[in-house]
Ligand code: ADP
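A single chain comes next, written as C-alpha cells; it is the form predicted on its own.
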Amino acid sequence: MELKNRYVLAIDQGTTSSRAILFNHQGETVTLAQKTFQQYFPKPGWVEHDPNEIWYTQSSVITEAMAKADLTDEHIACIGIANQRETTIVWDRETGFPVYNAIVWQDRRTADYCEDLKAKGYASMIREKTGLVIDAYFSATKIRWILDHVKGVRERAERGELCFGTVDSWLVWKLTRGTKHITDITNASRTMLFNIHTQEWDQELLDLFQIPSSMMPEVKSCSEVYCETSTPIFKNGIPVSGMAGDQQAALFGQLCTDIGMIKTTYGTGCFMVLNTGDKPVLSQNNLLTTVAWKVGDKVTYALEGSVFVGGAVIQWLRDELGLIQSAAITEQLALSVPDNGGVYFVPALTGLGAPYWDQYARGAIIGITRGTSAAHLTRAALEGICYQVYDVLKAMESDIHTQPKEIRVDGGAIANNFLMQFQADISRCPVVRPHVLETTALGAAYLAGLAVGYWKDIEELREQWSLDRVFNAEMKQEEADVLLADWHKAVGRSLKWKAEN
C-alpha cells in the first residue's frame, strides 16, 4: 500500500483520559476513541493515577479506533505519542511492575521540600540549567518522594533495578515489552533534571535530588524512528516515530513554527506557549523556558505559562458539587445572565501556576450574595479560566516586549463560544480557532509522519492548517479594566492560604 494512502496513529494520553486518533494524509481526523480513567486523591493536594490503568485504557482505545475505521496493522504508517507531562512513574526494570502509583503533575505533596530548596538558595542554579522554577509541578521532587517514602525502593534504585519515566517513557516501554527505555527532549525538559543547554541529564541536579542516573531514560529527538512495536495490540511491528509532551505537540500541531507565534491549550489546565526560535529566552516574569521540539539536529525553544486548573474547574463543578450536568451546558448557563453578578472564582484547586507560582494558594469564590445563582457561579468559573490566561499573556508580553498578533487556541473547551469571546475581550488580542480541534494529537502525528516520509516537510503541513473562527474584542476597555481589577483583588485573597492557616 502506498505510504500516503495509509494513516498515522496518534496516542494522546492525557490527565483524565486516554485517546487514540487516526489521521489521514490531509491531516483530517478519521476516527477517535477515548476512555477516562480513575483519579486518586489519597490526601488533600495529592493526585495519583494507576500506571497500569493508563496502559489498559490506552491499549483499549487504540484497538477501538482501528476497529471503528476497519483498519489493520498494514494501514498504519507510524505512531506518534503526546502525553501529560511531568507525571512521574517508577517501575521495576525486570518485571515492569510500578513500585507506586503515578504521581500526577498537579500533585502538591512536595511543596514543603520545594520551599526548603528555595531557602537553601538553589533557585538560580536550577533556573539557569533547566529554565524552570522550583515547584512541585515538575518530576524531580516526585521521584525523590517515591525513593524516600516507598519501602525498599531507594535500595533497588541504587542497585540499578528501577526505571523512571514520564508517561511517554511508560507507553514506549509497554509498546515494546520492556526493550526500550527512552523519552523525548520535551518531556525531559520538564523534569527539573535536564540541562536544556547541554541537552543532557545534569549530574549536579541528579546528585541534588539523590536520584541514581541509572534510572533515567535515553533522551531522543521529537521526530525519529525510535523502535517498532512488539505488543499483542498489533500483529506486526509499527514504527514509533514521534513524541512530544502534550503542550509542545499542540504548538507543533498549530503550526506555530515561526518565532513569536503563540498558542493556548484549554484542557485540564491551560498552557500558553510561545515559539522563541533556536535560543532559550530566560523569563523575567516567572514564565518557564522550555524545549519546544527537536527535529533533526535543530532544537527550537519556547516560553511557557502554565495554568494548573482550566477545564478541571468545570469538571469539579460537575463531579464534586453536582452544580451542572455536563460541560456542554456551561455556555448556555453563562449566557443566561448578563454578567457574573459580582462573583469571582479563583480556581487555585492545586495552587497557582504562572505567573504567581504559589504552591499554597487555594481556590476561592468571592462576591457571593443572596442573588447568586448556579449560572453566576458557572460564568465566574469560565471567566476565571480566561483571567488566568490573561495573566500569563501579560507576563509573556513583558518578556518579549511586544503583543502577539494572535493567539491560536486548541483543546476541548474551545468549542465554548462564550469562553473564547470573553478571552478575546479580556486579552484585547484576536483569538483564532482552527478547524481541527485535536491539535495535540495532530502535532504528535505530524512529528511521527515527518520521520518516516509520510509528509515531506513543514511547508507541506502549513498548507493543511485552516481557520474556523476569529474572536475579536467586543467589550469596552473600561469594562475589561474593572473586571480585571476585581479579579486581581480576588487572587490576592487566595494567595498563601494554606501556609497561613
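Note that the coordinates shown come from a computational prediction; the quantities given were computed from them, not determined experimentally. The first residue of the shown sequence is 1; numbering continues from there.
Heads up, the form predicted together with this ligand isn't pictured, but that's what we're talking about next.
> Which of these residues, Phe138, Tyr266, Tyr390, Trp91, gets a heavy atom within 4.5 Å of this ligand in the model of the complex?
Replying inline: Checking each option against this ligand in the model of the complex, the one that comes within 4.5 Å is Tyr266.
>> I need to confirm a contact call. Of Val307, Leu162, Leu287, Leu382, which residue comes within 4.5 Å of this ligand in the model of the complex, counting heavy atoms only?
In response: None of the others qualify; the residue that does is Leu382.
> Do Gly96 and this ligand come within 4.5 Å of each other in the model of the complex, heavy atoms counted?
Replying inline: No - in the model of the complex, heavy atoms of Gly96 and this ligand never come within 4.5 Å of each other.
>> Taking this ligand as it sits in the model of the complex, is Gly311 in contact with it (heavy atom to heavy atom, 4.5 Å or less)?
In response: Heavy-atom contact with this ligand at 4.5 Å: present for Gly311.
>> Please tell me whether any heavy atom belonging to Gln359 falls inside 4.5 Å of a heavy atom of this ligand, as the geometry stands in the model of the complex.
In response: Gln359: no contact with this ligand in the model of the complex.
> Should Gly411 be counted as a contact of this ligand in the model of the complex, where contact means heavy atoms within 4.5 Å?
Replying inline: Taking the distances in the model of the complex, the answer for Gly411 is yes, it comes within 4.5 Å of this ligand.
> Okay, which stretch from 150-158, 202-210, 311-319, 69-77 lines this ligand in the model of the complex, with non-hydrogen atoms inside 4.5 Å?
Replying inline: Correct option: 311-319.
> Does any residue in 323-339 get within 4.5 Å of this ligand in the model of the complex, counting heavy atoms only, and if so which ones?
Replying inline: Read in sequence order, the residues that approach this ligand (within 4.5 Å, in the model of the complex) are Ala327, Ala328, Thr330.
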